[in-house]
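A lone chain, given as structure tokens: the form predicted alone.
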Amino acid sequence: MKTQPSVLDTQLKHVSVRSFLDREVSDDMLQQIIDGARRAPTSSNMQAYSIIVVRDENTRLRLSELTGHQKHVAQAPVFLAFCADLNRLGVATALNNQVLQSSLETFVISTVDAALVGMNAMTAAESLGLGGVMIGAVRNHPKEVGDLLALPTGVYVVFGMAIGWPDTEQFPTQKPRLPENLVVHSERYDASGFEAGIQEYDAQLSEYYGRKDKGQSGASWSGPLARGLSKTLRPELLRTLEEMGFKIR
């Protein structure tokens, strides 16, 4: 009898899958993923998130366009949109004759709740033999994505996830992570080894990309990161989210 991998085995084998077989994900399997996702921790039991399950081919195609024409968004049989949701909290508050006060804290709570649920969903999907990839590019056009998914005021898609059966002929090799001493600190934050550690990781990542004929420079992590973070990312996002019902400032 085939045994299920342990949670730790599943986590340690995680890769982002961007090529899927033309094979449906069953309703039963998807329900298992949703059930596992919904047991994620949540701040003060607010459960300030919603999940939009998208199977419709035309909707997935439009989502692909809105996320920078990522072909795997259209190719995967299921797209899950993980939303920060203050709308339902507003209904619950009104039932008790109060008015929800949207704030930076409620924005953070709902965004973190959505992230925790999404990671649970990814682990559940991988434990069943599926593969997936997170899609942060839904934040490129949050209003258009919201309109497409009929989101009310007080709801935005934090990130999406394309899931399906991996094409094993194009299954990715695992990308190295930052050295542990750069991200795990004992008792107090210690940045003393950052420069040497980043250079070490640049070399590791350069070797990894070299094996995949990616043609990256020696600064394979810090270089693209520096170029990207030297400009404001998604400069319209704050204004758009506030228009969508989130009081962040």
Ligand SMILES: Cc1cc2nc3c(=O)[nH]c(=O)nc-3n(C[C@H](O)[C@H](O)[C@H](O)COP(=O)(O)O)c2cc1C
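Keep in mind the model is a prediction, meaning the values are calculated, not measured. Residues carry their position along the shown sequence, with the first being 1.
Although not depicted, the form predicted together with this ligand is the subject of the following passage.
Q: 82-90, 104-112, 161-169, 175-183: which one contacts this ligand in the predicted bound form at 4.5 Å, heavy atom to heavy atom?
A: Careful reading of the contacts points to 175-183.
Q: Tell me, which of L116, L128, L149, M134 has a heavy atom within 4.5 angstroms of this ligand in the predicted bound form?
A: Only one listed residue qualifies here, and that residue is M134.
Q: Name the single residue among V15, L237, L21, V25 that comes within 4.5 Å of this ligand in the predicted bound form, judging by heavy atoms.
A: Exactly one listed residue reaches within 4.5 Å, namely V15.
Q: Against this ligand in the predicted bound form, would S222 count as a contact residue? Criterion: heavy atoms within 4.5 Å.
A: No, S222 stays farther than 4.5 Å from this ligand in the predicted bound form.
Q: Closest heavy atom of Q70 to this ligand in the predicted bound form, within 4.5 Å or not?
A: Answer yes; at least one heavy atom of Q70 falls within 4.5 Å of this ligand in the predicted bound form.
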